[in-house]
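This document contains two forms of one protein chain, each encoded as structure tokens and listed individually as structure 1 and structure 2.
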Structure 1
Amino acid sequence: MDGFGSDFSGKVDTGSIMEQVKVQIAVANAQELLQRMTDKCFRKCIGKPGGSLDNSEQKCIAMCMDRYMDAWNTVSRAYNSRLQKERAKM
């Protein structure tokens, strides 16, 4: 990454700052999701931690990941439509 959107004249380029901020936000969101998903699926799928991640555990985790994404999207849509309703009331 270059010096936070400044060119050789030392002037700050707004566009490139915005781009970098957007990338950082996307990374932060991905980390947030990954952390929560790992926590939730570990709780659901790993009963007693054994010597390795066995086949049925892997299957469970894969399914859990997909359902977590479904749940995330459902929550996002429900929250969004609630916001629209609240705005319409005002």
Structure 2
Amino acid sequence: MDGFGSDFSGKVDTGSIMEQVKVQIAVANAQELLQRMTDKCFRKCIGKPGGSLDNSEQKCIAMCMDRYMDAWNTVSRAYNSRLQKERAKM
């Protein structure tokens, strides 16, 4: 294998390529989740950016991130459940 889903004979391993694409999509989704969560919680919790966070800002950030992740997980489970039901109908 050369790292691009083909061996030295030129045959393409589509399973390997699909797995690489899935990993890349998962990484991109995680990065997007983290960026959105950071933006939202920063706007909500940080009144005046400075050199450090005070205690109330730290608590707000922690709670905001927890709620965001809980909501994300709830939506993800519902979405995956719906996908499985739709696939079962096919």
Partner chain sequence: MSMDSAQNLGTATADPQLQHFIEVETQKQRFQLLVHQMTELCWQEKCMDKPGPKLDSRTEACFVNCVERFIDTSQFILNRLEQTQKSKIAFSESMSD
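Every value quoted in this text rests on a predicted model; they were computed, and no experiment measured them. Basically, rigid core = biggest C-alpha set you can superpose within 1.5 Å across the two forms. Just so we're on the same page, residue numbers count up from 1 along structure 1's sequence.
Comparing the two isolated copies of the chain, the second one is the form predicted alone.
After superposition on the rigid core, the Cα of R82 moves by 2 Å or more between structure 1 and structure 2.
A displacement of less than 2 angstroms separates the C-alpha positions of M18 between structure 1 and structure 2, with the rigid core held in common. In the core-superposed comparison between structure 1 and structure 2, the CA atom of D70 travels 2.7 Å.
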